[in-house]
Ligand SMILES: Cc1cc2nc3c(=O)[nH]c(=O)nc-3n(C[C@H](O)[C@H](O)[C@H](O)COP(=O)(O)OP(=O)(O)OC[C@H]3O[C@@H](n4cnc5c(N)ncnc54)[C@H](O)[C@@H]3O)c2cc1C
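Let's start with one chain on its own, the form predicted on its own, as structure tokens.
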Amino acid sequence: MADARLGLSEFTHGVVNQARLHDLLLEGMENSVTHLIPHYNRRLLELEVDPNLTQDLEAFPITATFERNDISQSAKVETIKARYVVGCDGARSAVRKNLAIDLEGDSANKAWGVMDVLLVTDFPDIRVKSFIQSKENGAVMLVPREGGYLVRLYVELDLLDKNQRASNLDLNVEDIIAKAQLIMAPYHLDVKEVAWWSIYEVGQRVADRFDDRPVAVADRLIPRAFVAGDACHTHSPKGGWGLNTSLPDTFNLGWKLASVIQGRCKPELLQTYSSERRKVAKMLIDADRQMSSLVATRPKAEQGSPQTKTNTMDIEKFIARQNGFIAGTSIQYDPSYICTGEEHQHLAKGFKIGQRFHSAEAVRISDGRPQHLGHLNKADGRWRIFAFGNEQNPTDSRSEMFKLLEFLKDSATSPIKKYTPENSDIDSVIDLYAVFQQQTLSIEDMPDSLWPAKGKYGLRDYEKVFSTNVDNDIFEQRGIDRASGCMVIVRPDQHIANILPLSAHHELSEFFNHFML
């Protein structure tokens, strides 16, 4: 079967395990300019947030007490004072409990076993993501793992009694294997080795708030403590949905927290984390509830059919509908001062405001090289402005693009001029790119702002100006108005923040003035 995710992204769908992602992130941290290495072997004993200090942004209102459990410092207690805290400590989050944040929703009523195994089987679709529903014994979800041999099985176990925990069922991996063999019969499963296994409870719950602000007065307060990932949304462990939702939680919070700490943005920006990500968490919980119901329900007889047949079409249709959500490419944040400009959406119909920038290729003018524009959106805390030219020649001083570039370069109200620190590169805060329809432009004809001199040597940056690819036209692919052109403003987390006409100089300034310092 063709991958239903084709077209969601320039990348193909793949399976990457959490441990490998963890190693990649650790390696990236250690090789960064901070050479950051996490402190392990610590258990959080207590977390206090002083409400009298939270609105003093220079204060350290958070006190965290840890017990160190490493060999050299056995049972030593240490105390840390902090300006902010982010609890990414899982479904039984100590940070969440210390902040008195409640989980709302259904408690666990179903146990599932999950295992990564090497096996020999006569089941022909062992390398295809599959749902197997038996008539009497429950369901199995099968996910082929990377490498060609390893397979993950999610196995439906028994219903849980009220207040019963899966950890108290006294089940082991042999029980999961036996149940999988029962469900998969008459096919045979001969498990040779188990790489990892666990037993999960399935309950769908989401935190009533994602930060330390009381709901009743949230709009008037700056948050100082946050929860993210499984600490604020719990659900069944199928298909990597948890990781695919948890990483964007902290990607959303990370750039905002960094911008505030660095003094680039107003601290009110931190209020948008909870509102944006809690909506996504609720969508996740609703989707997971539907998924659990579909997969764990015994197949229904097709209407008018004398025989009972497995109704897997419902599952297939559901997954097709959810592909963009699971991949994160169709997540759309609600309108706010960092997601605005709906009245100009028609200028670039394929760049949905609030969704991630949907990459497409353009041709770099300096060397003729095709380049995916989405790959310019690096996770470095910078904002991006993509200016898509209209039918006027951009080198003509009467054109909208020429006037925009002059405004951004020289005007006192230009956000680039206003918010770039003195003696910093011109693109250090807001990174400007231009994409033109004309095919005969030369780099030397471009204004300096599109190939700026940077760094201590004043080297020219030749990678900011593009023309559309005749064979793969971004204007056509993303529905960009050729007659008008437009500006597409992209947030540091790669979501589209605003779309404006090329002539909207004042509106561009006002957009950034709302949250920048």
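One rule holds for the numbers: they count along the sequence shown, beginning at 1. The shown structure was predicted, so the numbers you read here are calculated from the model rather than taken from an experiment.
Keep in mind the form predicted together with the named molecule is missing from the figure; the text below concerns it.
When the named molecule is considered in the predicted bound form, only one residue from Cys88, Ala258, Ala195, Ala218 comes within 4.5 Å through any heavy atom, namely Cys88. Listed residues Arg205, Arg384, Arg96, Arg152 were compared with the named molecule in the predicted bound form; Arg152 is the one with a heavy atom within 4.5 Å. Proximity of Leu44, Val114 and Tyr200 to the named molecule in the predicted bound form is complete: all three residues have a non-hydrogen atom within 4.5 angstroms. Although the partner is absent here, Thr420 lies well away from the named molecule in the predicted bound form, with no heavy atom inside 4.5 Å. Using a 4.5 angstroms limit between non-hydrogen atoms, Gly229 touches the named molecule in the predicted bound form. The shortest heavy atom separation between Pro144 and the named molecule in the predicted bound form exceeds 4.5 Å. The named molecule is not drawn, but in the predicted bound form it has a heavy atom within 4.5 Å of Leu243. Shown alone, this chain has one stretch from 450-458, 53-61, 463-471, 36-44 that lies within 4.5 Å of the named molecule in the predicted bound form by heavy atoms: 36-44.
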